[in-house]
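To begin, one chain is listed below as structure tokens, in the form predicted alone.
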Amino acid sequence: MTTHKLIIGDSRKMSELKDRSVHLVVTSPPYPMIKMWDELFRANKCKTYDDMHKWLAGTWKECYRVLVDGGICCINIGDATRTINKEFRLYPNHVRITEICEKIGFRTLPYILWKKPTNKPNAFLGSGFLPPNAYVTLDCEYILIFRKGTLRKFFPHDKDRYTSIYTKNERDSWFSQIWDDIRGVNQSNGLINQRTAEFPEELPCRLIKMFSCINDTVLDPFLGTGTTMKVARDLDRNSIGYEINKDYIDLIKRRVEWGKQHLGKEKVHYEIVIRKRKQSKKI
């Protein structure tokens, strides 16, 4: 049986989770200095770029606490460009998160560049064909990969580990640093004036297969519409998702097919904890 818990609350304090209780983190947080996230950061009293990353750092600290020794944390993040006070500059979110996670204690592993395929001609910023004042287009996002401590240990011939084996073709493709065959998704979620950093199912599917075993527990501290939870369920992993916005509950339940039992699979247990109301629903 696998279990799937949705917690409506702030992931900077994951009091529902014990130390060393999670095997893998897969998430896409709000991107600092991207306009679609301005309102969220302002609501949490983040006025500057530094404030935004300090706010996110609370979640990264909790991820480190709840991960098992050898557990992996995968963070999908994009850099940002913005003009402030007539000055155009890059805000390298992937660099700042890496620096923060290393200070927390994570060990940085080689990252993945997710280059999103597009049908549009290559866009650029600047002065047409005249040097030197144009800017390189941001057409890649990062999947940062961190490990807590040394390699995760297993008993010899661990059944769940050997059952979770991937193919040679999958290994050769997935463990290459550039992923250019996964399309992005429409960020509209059906809620007025609200958007999510939603990623396509193929992205967490690969990461979960690469860095976890059947019956492991996968955490997404910025669950959004529930993609990570759905994929973890489909891959016979347990999952936990934190989402600060209670308006997303119905979206998540639709995405995950909440409560549905699948033929050929063991029973699946679902639970919702609404922290602010100090109550839980077990489904």
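As the structure is a computational prediction, the values presented were derived from the model and not from experiment. The first residue of the shown sequence is 1; numbering continues from there.
As for the form predicted together with a small molecule, it is not shown, yet the points below apply to it.
Only one of Val68, Ala57, Leu40, Ile249 comes within 4.5 Å of the small molecule in the model of the complex through a heavy atom, and that residue is Leu40. Under a 4.5 angstroms non-hydrogen atom cutoff, the small molecule in the model of the complex lacks Trp258 among its neighbouring residues. Taking the partner from the other structure, the small molecule in the model of the complex has a heavy atom within 4.5 Å of a heavy atom of Leu223. Although the partner is absent here, Asn245 sits close enough that one of its heavy atoms falls within 4.5 Å of the small molecule in the model of the complex. Put simply, Asp10 is close to the small molecule in the model of the complex: some heavy atom of it is within 4.5 Å. Contact check at 4.5 Å (heavy atoms) against the small molecule in the model of the complex: none of Pro32, Asn93 and Glu141 pass. Between 231-239, 60-68, 215-223, 45-53, the stretch whose residues reach within 4.5 angstroms of the small molecule in the model of the complex through a non-hydrogen atom is 215-223.
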